[in-house]
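Okay, so here's just one chain, in structure tokens, the form predicted on its own.
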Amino acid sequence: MRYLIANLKMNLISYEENISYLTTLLDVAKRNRRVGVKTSLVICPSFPFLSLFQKKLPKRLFLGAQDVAFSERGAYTGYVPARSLADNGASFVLIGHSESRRYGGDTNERISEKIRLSVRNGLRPVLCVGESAAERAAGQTALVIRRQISEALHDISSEEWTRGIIAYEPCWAIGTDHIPRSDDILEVSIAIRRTLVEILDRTLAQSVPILYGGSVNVERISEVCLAPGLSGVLVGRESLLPEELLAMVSALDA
């Protein structure tokens, strides 16, 4: 199974905008009945519209959340717990996205707690990892990726990570037109797999889906995903265009 995870971020902010997006998405999906057969399409709207998407999305599409709280409940104003996400239809959740690390103060320790709570509440964690431009220039990409995964999965058992996904999203590529070469992405995916083998059951580590995220579009999807042998992509700005989104699903299916 391949995966296309669409992160809408904080782009659709009104009820009208979200309804308009859903209407177009459903129309496009209706014209392609094979969407969701080989590639799982996961839509991640902002928190207030999860229940709206839950009601409107067809069964063959999945709902994801953009983040999750690091605590089950308590005095944490503004945070959304894993149980609330699950009760509003989410089955996937992005954890450790570069923007959550940058703006939300996510540390690898906090990310580990988010993973544990997500799994406990039946959500599939999508752990996002990636290096900055400075770290890449210093030749530290593999080191950074290894540290992020090792610390995030610290004390997470193989049983807890059974349905986990890793998304490699180099910080310097997000929101730009700069994409690593397929050979570079393959090198990182090998480093990710080696790290997983060190900390998880070997059989499980070999089966964990690895995705790429960072300025992906339909023209480049073969280069950044299929050529390096990855299991799919995490899409940002292109996810706002349902026609483009479904074209990428077709490319992955093919």
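Numbers follow the displayed sequence, beginning with 1. Small disclaimer: the values here were computed from a predicted structure and weren't measured.
Keep in mind that the form predicted together with 2-phosphoglycolic acid is missing from the display, and what follows is about it.
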Original post:
Which of 211-219, 183-191, 27-35, 51-59 has heavy atoms within 4.5 Å of 2-phosphoglycolic acid in the predicted complex?
Top reply: 211-219
Original post:
Just to confirm, residue 245 within 4.5 Å of 2-phosphoglycolic acid in the predicted complex by heavy atoms?
Top reply: no
Original post:
Do residue 113 and 2-phosphoglycolic acid come within 4.5 Å of each other in the predicted complex, heavy atoms counted?
Top reply: no
**OP:** Consider residue 145 of the chain shown here, and say whether it contacts 2-phosphoglycolic acid in the predicted complex, taking contact as heavy atoms within 4.5 Å.
**Re:** no
Original post:
Closest heavy atom of residue 127 to 2-phosphoglycolic acid in the predicted complex, within 4.5 Å or not?
Top reply: no
**OP:** Could you check which residue among 99, 135, 160, 106 gets a heavy atom within 4.5 Å of 2-phosphoglycolic acid in the predicted complex?
**Re:** 99
**OP:** Verify the flagged residues 2, 165 and 225 against 2-phosphoglycolic acid in the predicted complex: is each one within 4.5 Å by a non-hydrogen atom?
**Re:** no
**OP:** Residue by residue through 155-174, tell me which have a non-hydrogen atom within 4.5 angstroms of 2-phosphoglycolic acid in the predicted complex.
**Re:** 169, 173, 174
